[in-house]
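Shown next as structure tokens: one chain only, the form predicted alone.
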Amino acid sequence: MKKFKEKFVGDSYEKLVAIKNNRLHNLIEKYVLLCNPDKITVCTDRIEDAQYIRTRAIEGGEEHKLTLDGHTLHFDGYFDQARDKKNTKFLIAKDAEFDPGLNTVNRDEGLEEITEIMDDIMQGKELYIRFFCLGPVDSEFSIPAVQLTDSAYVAHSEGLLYRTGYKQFSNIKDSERFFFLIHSAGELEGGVSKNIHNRRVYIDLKENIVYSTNTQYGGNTIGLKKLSMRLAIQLASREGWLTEHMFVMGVHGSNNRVTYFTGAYPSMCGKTSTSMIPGETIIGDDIAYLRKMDGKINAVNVERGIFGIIGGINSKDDPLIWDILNKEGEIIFSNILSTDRAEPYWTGKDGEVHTHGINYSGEWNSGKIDDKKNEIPASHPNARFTVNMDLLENTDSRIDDPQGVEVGGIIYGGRDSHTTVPIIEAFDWAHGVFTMGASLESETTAATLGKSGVRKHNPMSNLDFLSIPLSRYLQNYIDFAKNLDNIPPIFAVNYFLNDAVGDPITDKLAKRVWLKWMELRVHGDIGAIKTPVGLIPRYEDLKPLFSEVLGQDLSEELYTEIFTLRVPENISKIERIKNIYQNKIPNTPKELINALDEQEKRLKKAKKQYGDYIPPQKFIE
């Protein structure tokens, strides 16, 4: 085994020791000696270092050039196409406080296992050490993070998705407030991870370390994404701020007014499409940090790029994303089809339907089946694109503002075909947190899980990533609003409400109107109708918005159908949510149950007066 210092290439060792942080040095030396790479490259913030990573990804066969300049294609293994929930575990001590449903392993046992798996795992490989900053650099929001990986693809992806942080590390001196992430793809066969049976993603909350082995899929390996998010949720809980699964976007009003919204939506509920609506601006599409600053709530995008699902993206529904995916620029496509002309093709793409090429299963022809007799699609349902937001024409100018942007409103969105109206505003912060955020449900779709209509409870769309008890997370929300001068309103949206025969009541584009209505409500420019479950739009306000934004005439008949209160369905939802919190979530804040009880009383009173299905006009005072 080479000595530690001898493994460093060129001036890499000097780059490392220039950072004066003993804990960082000790951790790197510990895991270098354990994993035993042949050589080590340390990257700074320089463009030349980023270019070296891109070159190594091509030379090592982890990425392949496509026709357009800057476009590359990466394949994960056939059985390595998604987050490994089973083997993603928290390392916790016996006395730690966690919800029973959380996937955990005893810390000592987990560390022993992962140490055994990582022993000599990088032998014969090059280790890349990259420094990043979660959130804007030199900011109250900043969290430095260092990634060790033997995958140039992972190092390249993170270079697109995050702000470089070598300088940030140089400034923190001996602070221990940073995240340490170590990944190895393990032994490769045909360019992909071979030992999937030893795929592990372990999260050590005590030391703020993430371990990832024998996997290449981004959700398991790009440690700064949802893996660091779990670390940040606990850190935020200790320090009094929030880490949220939210977009941050600017909605543009009159007189050049820009109002910033955050939004949490479960998968397949319209989160990315909302944040990318033409005419508005985006700061981030996935993760946000929220802090109290000068009596207000400010938010930043933790990331600087997008790791997005590519399936179904077309020129009509997603014009802004479509544009960047079809012009030159640095983009990594993963697990799509490379056509015979080395062009990217994905399910739902405009134009020619391709029947032959190379995809994550190898050489592919239409109709190809796997060992279980399942047909293999041209591109995987979880196929992705990775791009830096500098390529987007609608990126907001304040994306790197160290102060973040003031949050004007918070949105919770779900997929609900039967109950919730398309847009509604909470009475106040607690009402929104408990009856909208904490009660968020989403119906599964046949396209994603094989069974449609199953409601999944996903509070704040953050349940999969919580590293603290849900009860504490909800209490943090209530405490967060204390001592604020300006508390943003909370809204709930539902783009999937059906009529009596099961057809959508509104089309996908209506979300543009709901955003404009929310922007006007934030500034008190229009009124609203008070119902038992929240505040809904007035017809006289929506009619001109539909005309101005969509060029559509909203009839009063359709308005009535859209906003009719479905009392039995709403009462059923309250009963479902109360059952979950009362029977499955220890130490649920009593205020949550009280808020649901009060909403149920209001609904039953309205039912007694007006019946099961109440048109909005009945609530006009």
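None of the values given here were measured: they were computed from a predicted structure. Position 1 is the first residue in the sequence shown; the rest follow in order.
The form predicted in complex with sulfopyruvate exists for this protein as well; it is not shown, and the discussion that follows is about that form.
Sulfopyruvate in the predicted complex comes within 4.5 Å of a heavy atom belonging to residue 219.
Among residues of the shown chain, residue 543 is not one whose heavy atoms approach sulfopyruvate to within 4.5 Å in the predicted complex. When contacts are judged by a 4.5 Å heavy atom cut-off, residue 349 does not count as touching sulfopyruvate in the predicted complex.
Using a 4.5 angstroms limit between non-hydrogen atoms, residue 198 is distant from sulfopyruvate in the predicted complex. Only one of 163, 521, 384, 291 comes within 4.5 Å of sulfopyruvate in the predicted complex through a heavy atom, and that residue is 384.
307 is the sole member of 247, 211, 241, 307 with a non-hydrogen atom within 4.5 Å of sulfopyruvate in the predicted complex. Relative to sulfopyruvate in the predicted complex, residues 83, 267 and 286 are all within 4.5 Å by at least one heavy atom. Stretch-level contact check against sulfopyruvate in the predicted complex with heavy atoms at 4.5 Å: of 95-103, 328-336, 225-233, 133-141, the positive one is 225-233.
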